[in-house]
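Shown here is one chain on its own, the form predicted on its own, set out as structure tokens.
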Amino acid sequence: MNKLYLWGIIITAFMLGATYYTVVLTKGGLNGDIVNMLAITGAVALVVITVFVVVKYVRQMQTDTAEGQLADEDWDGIGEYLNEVPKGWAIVFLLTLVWGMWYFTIGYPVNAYSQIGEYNEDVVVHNAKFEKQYANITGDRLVEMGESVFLAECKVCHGLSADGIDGKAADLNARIEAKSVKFIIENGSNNELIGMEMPMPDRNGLFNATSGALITDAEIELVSSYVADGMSGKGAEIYAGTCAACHGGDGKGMDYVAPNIVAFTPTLVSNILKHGKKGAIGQMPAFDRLNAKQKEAVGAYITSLSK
């Protein structure tokens, strides 16, 4: 017997044996369920057909020789035979086109029922009910809700204690780190942190009003430490001349101009969750699956951590 056929039989037997072991010996059998029977039938057919097709074409590659008329053109000495498209391929291709048109128009039209569509509709209804039910929650209850959402959605990156898990995400127990301030000064920011499209320029657009020159590397280092240390230490003069015009003398930001860089606020966190954020560590995605109340709650919880 040809080795190729032997290997085909061995692989088929192995795959069918593995299927039998998984379904009958491990999972307890088909239990008379028609869905299970159809699934196993499909699996068996898939294994047999796949092995048959592979063996057929590998064997064909081993034995067939090229024949026919060569095209006039060649590419680097490599010619191409003027062979017609195999009938089987052409028929299957046409049948696929017909099936595709049938599927999208009659068999399963785009606007037809689907489980995913039903789920999405249920989510919309549930979110509306949720927002109405919890619309007036404030204070400690809002913080408690935010902690629950945080543990479900945010702890994977930020950790149970919101410390960022060894720098893989921002430490939320403090407003901002020096490396983050430095990154934003050097690269600018367009994170819609104040809820609107208000970009902060990069270092090429930041002037020190005292010196009248662009901010320098040394000044960036000083002001980054100053902001990260809670607006204390060296760098106050640089901050006053470069940053205070937008972020305010106390760093608490200005409406429609710049965000608070001293402490988190529920609005700031909510906007980060809505739009995502790019920083020194990397890109944080937007959390579209959270509704407005959940984002507000997470903002209240994170704000409470630094108090």
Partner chain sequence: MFHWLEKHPFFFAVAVFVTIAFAGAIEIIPNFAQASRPTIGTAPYSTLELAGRHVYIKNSCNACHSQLVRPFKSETDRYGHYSLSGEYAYDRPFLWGSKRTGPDLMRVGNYRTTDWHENHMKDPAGVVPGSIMPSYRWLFKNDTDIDTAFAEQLTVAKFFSVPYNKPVPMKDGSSIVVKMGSSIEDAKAIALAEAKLIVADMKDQDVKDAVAKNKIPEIVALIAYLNSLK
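Throughout, rigid core stands for the largest set of C-alpha atoms superposing within 1.5 Å between the two forms. Values in this document were obtained by computation on a predicted structure and should not be read as measured data. Numbering follows the first chain given and starts at 1.
Missing here is the form predicted in complex with the partner chain; even so, the following discussion is about that form.
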property: Non-hydrogen atom contact E221 with the partner chain in the predicted bound form at 4.5 angstroms; result: no
property: The partner chain contact in the predicted bound form: I281, any heavy atom under 4.5 Å; result: yes
property: Partner contact for K168 in the predicted bound form: the partner chain, 4.5 angstroms, heavy atom; result: yes
property: 4.5 Å heavy atom contact, A209 and the partner chain in the predicted bound form; result: no
property: Residue among A135, M196, V123, A213 with a heavy atom within 4.5 Å of the partner chain in the predicted bound form; result: V123
property: Option touching the partner chain, based on a heavy atom within 4.5 Å in the predicted bound form, out of A236, A174, C157, A178; result: C157
property: Among 182-190, 160-168, 227-235, 200-208, the region lying within 4.5 Å of the partner chain in the predicted bound form by heavy atom distance; result: 160-168
property: Partner contacts for 119-154, taking the partner chain in the predicted bound form and a 4.5 Å heavy atom cut-off; result: Y119, V123, H126, N127, E153
property: Is_shifted K129 between the shown form and the other one (CA, 2 Å cut-off, rigid core); result: yes
property: Rigid-core frame, C-alpha of N120, shift of 2 angstroms or more between the shown form and the other one; result: yes
property: Per-residue C-alpha change between the shown form and the other one, D229, threshold 2 Å, rigid core fit; result: no
